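Just the one chain here, laid out as C-alpha cells, in the form predicted alone.
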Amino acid sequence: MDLGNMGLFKLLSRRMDWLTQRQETLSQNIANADTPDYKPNDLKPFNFRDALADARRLKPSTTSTTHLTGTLGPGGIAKEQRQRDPYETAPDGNAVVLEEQMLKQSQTSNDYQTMINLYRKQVGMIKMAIRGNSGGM
C-alpha cells in the first residue's frame, strides 16, 4: 500500500513540502540581513483551493531532449513572492526585520510539527483498521 497515492497523504506531503520551501526562503532572508538593498522574500500562502487546482493541472512530460519544459517552475504552487510593504527599512536599503523573520520561522516549524503529528495519527488509524480493533482493554 502506497500512502503517497491517497488524497489526504498527498495533501499533507504537499503542505510539508511548502513548509520546507518556506523555511529555506526565511533562512535566506536571515542570512542576508546585512546585505544592502536586500528585500525579504516569502512564499505565496498555501491553501487547499490552490493545492487542488495544481493537482488537477496536467503536467508536461519530456520524452526527448528537444522538448520544452513548460512554464511551471520547480516550486509548483509555492512560487516566491516579494513582500510589498516592508515593516521597516534600514538606511542601506535592507528591509529584513530579524524579529519578524524569526517569528515566521517559529510558526513554520510549529506548522511542520503539526503536519508530522497529523501524518502519524493517520498512519496509526490505518494500522488500527488493518489489524482490526479487538477492543481488548
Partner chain sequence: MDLYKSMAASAAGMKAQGARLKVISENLANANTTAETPGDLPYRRKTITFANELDRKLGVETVKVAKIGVDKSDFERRYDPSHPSADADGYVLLPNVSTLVEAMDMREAQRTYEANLSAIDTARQMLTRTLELLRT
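This is a predicted model, so every value here is computed, not measured. Residue numbers count along the first chain shown, from 1.
The same protein also has a form predicted together with the partner chain, omitted here; what follows describes it.
- Within 4.5 Å of some heavy atom of the partner chain in the model of the complex lies at least one heavy atom of L19.
- Interface residue remark: S109 is counted as part of the site for the partner chain in the model of the complex, having a heavy atom within 4.5 Å.
- Looking at P91, you'd find every heavy atom of it more than 4.5 angstroms from the partner chain in the model of the complex.
- Residue contact check for I116: one or more of its heavy atoms lie within 4.5 Å of the partner chain in the model of the complex.
- The candidate spot formed by S13, F46 and A53 lies out of contact with the partner chain in the model of the complex, as no residue has a heavy atom within 4.5 Å of it.
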